[in-house]
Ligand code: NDP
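The chain below stands alone, shown as structure tokens; this is the form predicted alone.
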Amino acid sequence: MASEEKRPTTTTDSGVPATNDERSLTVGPQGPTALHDHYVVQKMQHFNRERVPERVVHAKGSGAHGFFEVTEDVSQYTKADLFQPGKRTPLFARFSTVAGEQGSPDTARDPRGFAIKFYTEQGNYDLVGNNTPVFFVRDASKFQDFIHSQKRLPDTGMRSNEMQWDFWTLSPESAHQVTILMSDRGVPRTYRHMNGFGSHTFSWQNAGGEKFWIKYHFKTVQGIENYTEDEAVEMASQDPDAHRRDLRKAIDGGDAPEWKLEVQVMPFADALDYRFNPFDLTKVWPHSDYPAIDVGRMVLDRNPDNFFAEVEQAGFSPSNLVPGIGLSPDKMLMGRIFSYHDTHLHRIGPNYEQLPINSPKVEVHSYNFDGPMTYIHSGDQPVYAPNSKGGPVADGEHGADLGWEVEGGELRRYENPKHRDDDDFGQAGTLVREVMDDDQRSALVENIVGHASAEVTEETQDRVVAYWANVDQEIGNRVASGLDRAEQATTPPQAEVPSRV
């Protein structure tokens, strides 16, 4: 029997055999515990530190291992190894809510993070996106303020719908994302039944040096399924870990979820005079202008063996790019290049990329060395560059830098570059009028009214009505009626919605 088998001896973290698992060293049966009982003290010390600081954003998440397989030939657009015909690349994906803390329910109305770490033969490539193709703001200077508006008030420690609507209505560029958030798509039924997007505009370069602007779209093969608001609230009370449980159960049961990757491709020159700013994160590219091209499929077929080591310690950063893939003049993307890596340095340490879940599958030759928790050491290799001692040298030809031309100009804080059809409410209105059906529009209004009725001031409600009237006149009228603010139902000019410029 298992109880009769010889069991391993408990040890300290240094491998020294422990004397007892259950009793402290005390001065007599009733005496005080001795401070030099290092085994008990070290158990307490480790327990006190066994949780790293939770993520400020995307704290509640789940993840799984899998692979990406290229099924089409897109080599005419990129030389990136992972996108070459027939290539199969291992990966780790993490899904999450955005605003909620670790203990928050999976079914909260919130965007969902959609992050992928590709372990390519050219190093790790991280694609850090969401389940929506747009975002609330277009400039990284407003990102922290947006997140603060979704978190908790400093005096009461509670979240505030007033705070959210105050920020949204003072930030007209949020309209497209808020329309998605307040629609049926605001609460996916599972992680498996939602799409994923790179959201930002990125750049690709082929082997001949030709460059393209691109957008990533991961389309769920399982189909889109969402909760209604009532279903989401009920599920939150029944099982706050519903999405986490569903993903693990599906994979354990052999029902590996799958997504089809498509990309939109824009020639580099088109961006200059396109009808709206193609690098604006609050906008989508119409498929009628740039049709989606099939690339391959992502399959998640293995659950983590250790949730903390793999899901919690996973660190993603859009600065992790491989040759053939680059950035764009998207101001939010520029900010994320610094922010993501920096937060991991704080949260899980300066050597977080040495952790197994983050470690690339290729050799690392870096002049970064030492620091807390390092276990990959340079030995007798030089730790400076340039050197004449055989240390690694940079490769300008095969490196991952991919740039674009920038017009000369004065260094200052510019507004979003203006293109012919730029505005904040147009695409949100198109989504309401041309994509949603009557039932979805009704659900949108019901969700808006319910959310904006909860401890939201009349002054802010007036701005909520004006905000939605700018999106669509009929929706504005219905929101006004639902909030009993009918006198505000006429569409004001966009400029009359308060905004910071």
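Computed from a predicted structure; not experimentally measured. All residue numbers are counted from 1 along the displayed sequence.
What comes next is about the form predicted in complex with this ligand, which does not appear here.
The closest heavy atom approach of residue 176 to this ligand in the predicted complex falls within 4.5 Å. In the predicted complex, this ligand sits beyond 4.5 Å of every heavy atom of residue 319. Put simply, residue 41 is far from this ligand in the predicted complex: not one heavy atom of it is within 4.5 Å. Of the heavy atoms in residue 195, some are within 4.5 Å of this ligand in the predicted complex.
With the partner omitted here, the residue from 298, 431, 187, 263 that has a non-hydrogen atom within 4.5 angstroms of this ligand in the predicted complex is 431. This chain is drawn without this ligand; in the predicted complex, the residue among 287, 389, 346, 249 with a heavy atom within 4.5 Å of it is 287. The putative spot formed by 133, 217 and 436 is fully lined by this ligand in the predicted complex; each residue has a non-hydrogen atom within 4.5 angstroms of it. The stretch that touches this ligand in the predicted complex, counting heavy atoms within 4.5 Å, is 218 to 226, out of 368 to 376, 218 to 226, 164 to 172, 77 to 85.
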